[in-house]
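Quick setup: one chain, the form predicted on its own, written in structure tokens, and binding and motion questions come after.
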Amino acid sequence: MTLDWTTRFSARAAGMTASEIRELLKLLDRPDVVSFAGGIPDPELFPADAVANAYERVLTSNERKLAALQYSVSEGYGPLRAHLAEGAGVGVENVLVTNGSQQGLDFIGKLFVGPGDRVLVTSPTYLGALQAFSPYEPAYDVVAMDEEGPLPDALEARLAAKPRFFYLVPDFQNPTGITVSLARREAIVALCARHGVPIVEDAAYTRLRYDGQDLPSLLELDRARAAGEGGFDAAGNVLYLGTFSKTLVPALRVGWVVAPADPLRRLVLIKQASDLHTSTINQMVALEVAMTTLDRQIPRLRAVYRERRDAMLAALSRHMPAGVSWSRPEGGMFVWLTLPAAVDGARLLARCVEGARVAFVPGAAFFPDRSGTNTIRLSFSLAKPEVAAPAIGRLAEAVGALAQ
């Protein structure tokens, strides 16, 4: 008898779908297709020598080499946690090291969300967050955005329904590239605290700013607010997700969560049951490379990615037909296009891959209700100007043909 495995899967497993972005990354193996799909760093910019040297130093150190290869505590490597805590302005007890910030999203979903619980996200939002939360069967509420971020009146109306948390990417958002203004950040922190709704701040792209001034994180604003109410552990309302994947290398899989003590302790228990701990040697290497190389690495990344962003924006201005608009991000990796209403992003992708030899992510993937069909996301992180400009021209031709 052949077992029908689908009869054995849980209800949450039945609802799982493949990441459209992960699937599109397979197009990177097609040399004839220019891919604007994956929001991934350029491997040519990785500090590979610094990483290799750090591994060598760890493995030849009498003090560290045995500990580097052993099981370790779930909270994370102590010196790395201390380094991250100092940067965040919190105590070591407020930091949990995770296997990338994506694992932090999954743990937060597991901690806070049950079937039917409301989760508030922006419209659109990061697809990876939807994938992390959806197995726990939430009901999504959405809040609209403009070029300054979530609209305060719309946010307050949604907060009245008491969602389990409000998730957002305030800096150079994936997928739109929007950065939440200081005034909106202050309003978001105040509104969420007043309504008793935690904020999940995804800070994956914060260091990748090319224009304008750095803005305080929601965590920083919340710590200042909580200081007058007993401190971060007693009154903090933000769970902050950080990562080295965009600034050092993704393969180390070192991310972190900063949170008040009570949710942090429960996240540690989830970590223990999930994978015991993040690779100790990778944590040691991440700390060493961060302390010795990151200050030189960030300006290098900014210079290259700024040039690629500018080249993409210039090509869009030259080639896109009337009726197409796009974001102009101050940093990050993404430009968001709104197409004429008649142009479906998924249909456009199918046409472009085979005809124009260009790939991107259809925008519907970033909406919980699969709306936004006339939007697409372009990533410029791998888009060298000499290759990107003609590809944008071909994409524009395809848009114009479908818009007729």
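The structure presented is a predicted model; accordingly, all values stated were derived computationally and were not measured. Start at 1 and count along the sequence shown; that's the residue number.
Keep in mind that the form predicted together with a small molecule is not shown, yet the notes after this line are about it.
K.L.:
Thinking of the small molecule in the model of the complex, which stretch from 217-225, 191-199, 242-250, 268-276 has heavy atoms inside 4.5 Å of it?
P.N.:
Heavy atoms within 4.5 Å of the small molecule in the model of the complex occur in 242-250.
K.L.:
Which residue, 91, 135, 331, 100, has a heavy atom that falls within 4.5 Å of the small molecule in the model of the complex?
P.N.:
By the 4.5 Å criterion, the partner-contacting residue is 100.
K.L.:
Between 232, 205, 166, 77, only one gets a heavy atom within 4.5 angstroms of the small molecule in the model of the complex; which residue is that?
P.N.:
Only one option qualifies, and that one is 205.
K.L.:
Answer with yes or no whether residue 174 is in contact with the small molecule in the model of the complex, where contact means some heavy atom within 4.5 Å.
P.N.:
Yes - in the model of the complex, heavy atoms of residue 174 and the small molecule come within 4.5 Å of each other.
K.L.:
Residue 112 near the small molecule in the model of the complex, any heavy atom under 4.5 Å?
P.N.:
Looking in the model of the complex, residue contacts with the small molecule do not include residue 112, since no heavy atom lies within 4.5 Å.
K.L.:
Could you confirm whether residue 140 comes within 4.5 Å of the small molecule in the model of the complex, counting heavy atoms only?
P.N.:
Close contact is absent here: in the model of the complex, residue 140 is far from the small molecule, nothing within 4.5 Å, heavy atoms only.
K.L.:
Against the small molecule in the model of the complex, would residue 126 count as a contact residue? Criterion: heavy atoms within 4.5 Å.
P.N.:
Because a heavy atom of residue 126 falls inside 4.5 Å of the small molecule in the model of the complex, the answer is yes.
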